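For reference, the chain that follows is the form predicted on its own, supplied as structure tokens.
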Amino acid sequence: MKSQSVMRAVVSGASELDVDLLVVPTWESDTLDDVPGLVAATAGGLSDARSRGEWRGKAYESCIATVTKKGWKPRRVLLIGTGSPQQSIERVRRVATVGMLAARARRVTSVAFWLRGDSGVGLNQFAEAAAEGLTLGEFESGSWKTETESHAVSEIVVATGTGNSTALNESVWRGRLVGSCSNDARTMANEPGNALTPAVFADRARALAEGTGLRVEVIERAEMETLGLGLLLGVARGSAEPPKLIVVHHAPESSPEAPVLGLVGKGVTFDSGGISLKPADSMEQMKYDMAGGAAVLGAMRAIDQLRVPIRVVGVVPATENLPGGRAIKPGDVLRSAAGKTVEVINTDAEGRLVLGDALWYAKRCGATHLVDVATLTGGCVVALGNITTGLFGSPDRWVEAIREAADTAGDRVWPLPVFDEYGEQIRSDIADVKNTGGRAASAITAAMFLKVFAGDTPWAHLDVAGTAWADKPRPYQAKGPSGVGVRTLVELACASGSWGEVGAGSD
């Protein structure tokens, strides 16, 4: 893993921060009275910006001024709008990311992010969100460029005028960790398919586990055949690259027998659609069809480092989906490890196939609660666009636990129904189930397919097809992989005390 710059929390006055750039959140009609002397320290720079309409405090708008007053150590100040003075954790996280992207663009070597009033939210929570956002802003998407103007900030400070420095540093460490693991997932999702094959994906899992208490096992084709993972093996048939089932175990010595959280991530390292070939337009983006698997691996590292006191198993079925001479064909029937037979209607609906076997394997490892993350359907993009992840599952209490974790983590999700009637669309005439149910409610019928393999185990499905990749940059997010899902899975694992009683058959 790439080495990071230094990040720490500091309790001091704003004037004492010896940095190139001081980033300060601001809002509409803000006077910065709680940062005494800052406006005056710019020798009219901020006042002039106000009169020009440059300093308005609108969300994510920025304004920069030089600090000239003797006794002030910051060289420049960057104001970034929050819109409302009622700051939220997610707004702080996003503003911090905007600040880091601006610092890198201005090629500064040191930056401080100033935490302001908590508006009812704990200062430590704001510090964690700021650290996470600053870290997300460090992600570099052009890692394969031989000539790049990318710039890394070497010193990062999360600063405030009040608070307990020990507690703040603990919060900053946590935010830094989760942000870093999200960036690890983004880095993997950004890799081209020829560089991140299933075998390399397995190597990345081992590398992420180095120096942790995680145990990684990689199941090879021969063992898959013994286990009867016919769905995963079927998808892999068209590729010369052998499939891998990556299994990561977090099992603290003092952990109870239950609950056991099973995290399953789609790991298709390149998806051509197979015999049901995709259109050429934008097919190159199908290198990130393993973003769900990357999210699981990133989350597992964070879960270990945070010493989450429950057992967690991460399962990533890794393969390519290519139209080789031995590739599965529409009309073929595959037998899953669970014993269910599947009629293949469309070979481009391969993600649900590999996840079916992976869900079975997670239960075999003892998982009592399941969450899968997958770039699964274009139908979810049609329904929710590129802003919100689709959430499916049962029972309702388990789905609500995932929704609460996502809200806290800043990953927007929205529940969609899994009524039994939708299952009728995937009934097969010759097998137990078919792998597509047509265009109508396609995201839901894909989830219904997964539900067949989750069985009575509390299960949730996150369809990140629209949120795993940003086609256009936003002020708080660079173009490219988003790392969606990592923070939600970590938050869910950390909140096990509130959902551990959810079991099969719960309301």
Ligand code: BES
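Since the structure is predicted, the reported quantities are computational estimates derived from the model, not experimental observations. Heads up: residue numbers just count along the shown sequence, starting at 1.
What comes next is about the form predicted in complex with the named molecule, which does not appear here.
Using a 4.5 angstroms heavy atom cutoff to the named molecule in the predicted bound form, all of 278, 352 and 375 count as contacting. Interface residue among 348, 304, 241, 343 relative to the named molecule in the predicted bound form, by the heavy atom within 4.5 Å criterion: 348. Checking 271, 411, 357, 128 against the named molecule in the predicted bound form, a heavy atom within 4.5 Å turns up for just one residue: 271.
In plain terms, the part of the chain that comes close to the named molecule in the predicted bound form, with a heavy atom within 4.5 Å, is 263 to 271 out of 391 to 399, 333 to 341, 293 to 301, 263 to 271.
Proximity of residue 102 to the named molecule in the predicted bound form falls outside the 4.5 Å heavy atom cutoff.
Within this chain, residue 436 lines the site of the named molecule in the predicted bound form, having a heavy atom no more than 4.5 Å away.
The named molecule in the predicted bound form is approached by residue 286, whose closest heavy atom lies within 4.5 angstroms of it.
Not displayed here, the named molecule is kept clear of residue 259 by more than 4.5 Å at the level of heavy atoms in the predicted bound form. Residues of 224 to 260 that come within 4.5 Å of the named molecule in the predicted bound form, judged by any heavy atom, do not exist; none qualify.
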